[in-house]
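Quick setup: one chain, the form predicted on its own, written in structure tokens, and binding and motion questions come after.
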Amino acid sequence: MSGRLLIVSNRLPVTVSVSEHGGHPEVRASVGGLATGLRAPHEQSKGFWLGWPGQMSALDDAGRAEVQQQLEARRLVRVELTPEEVSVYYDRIANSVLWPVCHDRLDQLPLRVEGWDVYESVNARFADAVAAVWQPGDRIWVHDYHLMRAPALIRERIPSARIGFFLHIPFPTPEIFFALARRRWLVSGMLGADLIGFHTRRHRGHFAAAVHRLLDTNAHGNEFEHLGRRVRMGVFPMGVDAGDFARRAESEPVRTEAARLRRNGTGPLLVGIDRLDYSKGIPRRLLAVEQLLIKHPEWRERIRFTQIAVPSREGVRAYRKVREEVETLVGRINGMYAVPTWAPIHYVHRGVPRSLLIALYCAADVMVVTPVRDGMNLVAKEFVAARTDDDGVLVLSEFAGAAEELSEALIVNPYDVDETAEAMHTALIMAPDERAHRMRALRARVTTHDVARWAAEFLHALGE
């Protein structure tokens, strides 16, 4: 379909910072699935990407003008938000209300939810920004839970617009979603789109059930009639830039670092890489490592479990609590089983360079990805994409969206610590031929269904 693409997301695909040399502002491309997947469509369509650039209060007028010039050169449209708006719209509503509800954690909801008016006004700010640059023939693609109201607000401003919306996190069962007093209002916001995309059939089914119960509207196939329009739902599992991960995995620095990581220990290496978030299941994963050592003592003083936990939303109390829980478990398990020359768990609570992450993917004998709820989980696919040697075993939660595609992984229920521990043991003793057979099948799927294909399929469906 011809016409420009207008991408709308909470953050722009760049990071704005102040240079240490001379204090000049710098605008650097971000690294991430969304930024990578939409870079080519953004460039090819000559459209705009609209979003918040981050806090720019440290910049003077000249610095802000310089940033604006760099953003315009990349066809990025800045949506200005005040610190107070970010605190309410992003921290209080999106990440302290919508995130836990969509990840089945009603216990994390605040006792009183306030700030929906700010969420609406910020979503309206994004809609205004879209309306200011839209031209007939443009397609609009809105992303994620921060902007669930934006499709309807854009529709109010541009009734004839072609609008797509993609939810990157799970849509929960109606019984959980209905805990939100603003449930109908949020769903009506999403229904402002022509096409609503989800990672999995399960998430699409939950949404269809919610629409039926809230609006007394039945889906005909994958379509609803809403306010005289046809609204379609689709399943579009997001991929990764598999080619880039494979190229980086073959680079000399990564291969050298992977070899060093293998040499550092006395036995097999198990790896977990996550944001430090209660949805990622890290405490239960650590208990599974402990159970592995109890049930299979032959792995004591041999295996190494490296857990990278990237800091996340540290201003939110629930995230500080999960950090304390993880660090307590690491200390207890290491205190119980470590000897002067060996400790079972190596815990890293900081961001690490991309090259080191890929080296860990390449060095791991077993990759453990066991979230208790996840929309997709691209770490599982990144691991597979990096294993150009057709080796390594993936232990994967059945509650990650990726489990619908990656059936050759060892699929586990992350709530069952004993089952996860046994899956780790099975992975550690798996014959080389079976490891290679499973990984080849996984790689064929991840390489074919990469992030570029995900974007192309969604945009093709939006254009139909």
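Note that residue numbering begins at 1 and tracks the sequence as displayed. All figures in this text were calculated on a predicted structure; none of them were measured in a lab.
A second form of this protein, the form predicted together with a small molecule, is not displayed here; the remarks below concern that form.
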Taking the small molecule in the model of the complex as the reference, which of 249, 378, 98, 271 has a non-hydrogen atom within 4.5 Å? 378
Assert contact residue (the small molecule, in the model of the complex, non-hydrogen atom within 4.5 Å, options 287, 71, 214, 310) equals 310
Among 224-232, 339-347, 352-360, 155-163, which stretch sits within 4.5 Å of the small molecule in the model of the complex, heavy atoms only? 352-360
Would you confirm whether the three residues 257, 304 and 387 all fall within 4.5 Å of the small molecule in the model of the complex, going by non-hydrogen atoms? no
Using a 4.5 angstroms cut-off on non-hydrogen atoms, would residue 300 count as touching the small molecule in the model of the complex? no
Find out whether any non-hydrogen atom of residue 382 is located within 4.5 angstroms of the small molecule in the model of the complex, and reply yes or no. yes
Although the partner isn't part of this model, could you tell me whether residue 238 comes within 4.5 Å of the small molecule in the model of the complex, counting any heavy atom of the residue? yes
Residue-level question: is residue 146 within 4.5 Å of the small molecule in the model of the complex, judged on heavy atoms? no
